[in-house]
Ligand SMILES: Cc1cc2nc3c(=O)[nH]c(=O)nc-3n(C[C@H](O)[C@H](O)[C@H](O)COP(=O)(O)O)c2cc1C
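Listed next as structure tokens is one chain, alone, in the form predicted alone.
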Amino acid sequence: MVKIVIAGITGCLGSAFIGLADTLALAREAIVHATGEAPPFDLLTASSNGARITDGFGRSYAVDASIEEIACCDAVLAPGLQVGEGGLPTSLTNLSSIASWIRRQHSRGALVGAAGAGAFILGEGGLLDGRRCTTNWRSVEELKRRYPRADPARGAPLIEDRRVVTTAAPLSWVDLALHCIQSLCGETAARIAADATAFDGGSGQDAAYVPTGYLAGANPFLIEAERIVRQAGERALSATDLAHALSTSERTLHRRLKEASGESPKSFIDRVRVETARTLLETSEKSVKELAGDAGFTDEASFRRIFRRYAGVAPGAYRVLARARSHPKGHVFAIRKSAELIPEILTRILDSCVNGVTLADPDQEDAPIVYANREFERITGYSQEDIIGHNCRFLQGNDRDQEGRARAREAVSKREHVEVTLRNYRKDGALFYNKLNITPLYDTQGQLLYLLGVQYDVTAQARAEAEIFTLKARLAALAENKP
């Protein structure tokens, strides 16, 4: 049976701790009643030593077990923490044992999640490093300062990045509980759970609410400047407009932004709008053109250029990458086309192949890779996070002048099958020779769905052929010089 553990943590919000337990218990009861089947999950509350915990207001709560008694589980959920004026949780001491335990559970395959400022617990365990995440508005700046390798998003109600889930809205522990049920028990169970808890899980309407007192935080000028840029929406906003809205001169604006963020007013405005666009790409189905306007960019071309400068990839590729982070690999490439196009069992088959297999989406800008099997990772040395969302040309590095590249590009433009041998480079920089077979995949109506790439590592063969060529040349030279 699926096992879900709620981590009891001193300094938490009592409402979040009890709320998680109540929401999951109500959901479990409703699912059993609706389906007539056995409970879909087991539920435990646990603290670092099994003792009662005390919330941020001094109230005490009992737990079911000690974390030492739980060898493994399928999910660990952390409640929100009580935070002080600057957005930092009031108690981050004595969290190392439970943070380490949560990290171990994640390494064993568990889904881990945190509501609001509970994200700091995941940060203490190193689970936010290199991950997209969110937290309540008050704590974003402090989260960025304390965990500089984290990638927090403002205004996103819920983000999952490689089995690490964070939420931001008030009462977001409900969203967290429902997301956990959906991930572990399926869509039907989640729908029943949502109805039973009588909550619009996922609306996240309060995610971007800024409490009045927060503007007296660590850097009120910077926070207020970001708020103005975000609330400008589709309206064009210049440095002059921003200075006027902040009741200051352009010169003072430039100086204070340089001191606070190291940016010029234009760079600051562009960065905040790109961050808004990133959140929209992750949380909405709007086209790139639509969300460019929503984020405040006057035209799509400038948006694409500026977005690539800050995010490192094109907007379409970023959306693919965001989806890849939050969905099982077996369904990443099927999200837009058909939920059942490539079932999970086929993913397992592809992962067992002796050759590298990729799927690229021709409908996305620059035809990014949306699926790569395990052998492709082994051959190239790159991880899923390095691969998904990028065009496969990154494997050639700076070695661009290859006849095979031109042939492959021409065949793809004509939607034709092609097989070429390319000089590729692993993540550690080592050269290998790759025989690449590209096959367009069409549906029954003749619509191009994906570009299937099959990679064969032919390094040994290429080197053998080179040695044979060299040997033949030497023998020919000897023959010519024979008296």
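Remember, predicted model here, so these are calculated numbers, not experimental data. Each residue number is its position in the shown sequence, starting from 1. Here the rigid core means the biggest group of C-alpha atoms that line up within 1.5 Å when the two forms are laid on top of each other.
Only in words, not in the display: the form predicted together with the named molecule, which the text now covers.
Among 191, 227, 393, 104, the residue placing a heavy atom within 4.5 Å of the named molecule in the predicted complex is 393.
A heavy atom within 4.5 Å of the named molecule in the predicted complex is found for one listed residue only; from 266, 144, 286, 409, this is 409.
Screening 298-306, 358-366, 109-117, 96-104 for residues having heavy atoms within 4.5 Å of the named molecule in the predicted complex returns a single hit, 358-366. By the criterion of a heavy atom within 4.5 Å, residue 40 is excluded from the residues contacting the named molecule in the predicted complex. The closest heavy atom approach of residue 48 to the named molecule in the predicted complex falls outside 4.5 Å. Residue contact with the named molecule in the predicted complex: residue 63 places no heavy atom within 4.5 Å of it.
Though the partner is left out of this view, residue 452 does reach within 4.5 Å of the named molecule in the predicted complex, counting heavy atoms only. Heavy atoms closer than or equal to 4.5 Å to the named molecule in the predicted complex belong, across 230-256, to no residue whatsoever.
Comparing the forms between this form and the one not shown, the C-alpha position of residue 310 differs by less than 2 angstroms, with the core used for superposition.
Relative to the superposed rigid core, the position of the CA of residue 41 differs between this form and the one not shown by less than 2 Å. After superposition on the rigid core, the Cα atom of residue 362 is displaced by 2 Å or more between this form and the one not shown.
A change of 3 Å or more separates the two forms for residue 412 and residue 314: their C-alpha atoms lie farther apart in the predicted complex.
Compared with the form shown here, the C-alpha atoms of residue 407 and residue 308 sit at least 3 Å farther apart in the predicted complex.
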